[in-house]
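So this first bit is one chain, no partners, the form predicted alone, shown in structure tokens.
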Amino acid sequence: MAKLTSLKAEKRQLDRRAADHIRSHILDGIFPANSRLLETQLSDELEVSRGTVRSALAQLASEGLVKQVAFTRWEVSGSSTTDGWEIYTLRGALEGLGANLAAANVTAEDASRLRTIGSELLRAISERRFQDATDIDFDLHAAIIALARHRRLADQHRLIMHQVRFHMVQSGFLPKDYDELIAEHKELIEAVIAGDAERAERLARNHNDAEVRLLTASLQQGDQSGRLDAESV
């Protein structure tokens, strides 16, 4: 007698699909930082059970995009200067390691693909398609991480890049100098292709230096303001 097909896999897929929909709304800024997420409303809009929504929100919480408050309600995570500093410094560390490892694995086909992505980035910027340029930028770094052949690194990088995009949307961050951005990416691509692991790691780590410096200055200014307020009490 033939057995019925298990629905467990379908249920897990439904959880992931619900998470994908909610995540896209968060990363697009439709659900802003600190906004409340109602299980009932999400359940009605997605036409899935509250249990499925709860599982999806738990997944997004593990990604740092959602938080549960006092075990009673869900909210989109906040976005602060401290959050930004932590995200960008961690991104630099992960991408530095990835570029170092990738430099040992590049084939001629890989080199062609990296250069193609670099050309697409240049074209998007020259045509002032800056949102597309951001997406291509992310694709380039993901491609380099993939060349590291390090599954756990790739998993952690994917999570941090969700948080990077979230911070960019919430803070309105865009690169100030696109010519410099193009030059940085070209150098990184060529260092990886040349197999220069040390230089590739340094370039990847330094890619977010300008943003890290800005966030560090903001943190220091906030600390100083806090001390002055305390002294005036």
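What you see is a predicted model; the values in this text were computed from it and never measured. Numbering starts at 1 and runs along the sequence shown.
The next section is about a form of this same protein that is not shown, the form predicted together with the DNA.
May I ask you to choose, among 50, 67, 186, 202, the residue with a heavy atom within 4.5 Å of the DNA in the predicted bound form?
For this set of options, the contacting one is 50.
So the DNA isn't shown here. In the predicted bound form, which residue out of 37, 164, 27, 33 has a non-hydrogen atom within 4.5 Å of it?
Checked against the cut-off, the match is 37.
Are any of the heavy atoms in residue 14 no more than 4.5 Å from a heavy atom of the DNA in the predicted bound form?
Result yes; residue 14 sits at the interface with the DNA in the predicted bound form.
Indicate whether residue 149 is a 4.5 Å heavy atom neighbour of the DNA in the predicted bound form.
No, residue 149 sits far enough from the DNA in the predicted bound form that none of its heavy atoms falls within 4.5 Å.
Would residue 73 count as touching the DNA in the predicted bound form under a 4.5 Å heavy atom rule?
Yes, residue 73 is a contact residue.
So which of 202 to 210, 188 to 196, 51 to 59, 164 to 172 is the stretch with heavy atoms within 4.5 Å of the DNA in the predicted bound form?
Result of the contact check: 51 to 59.
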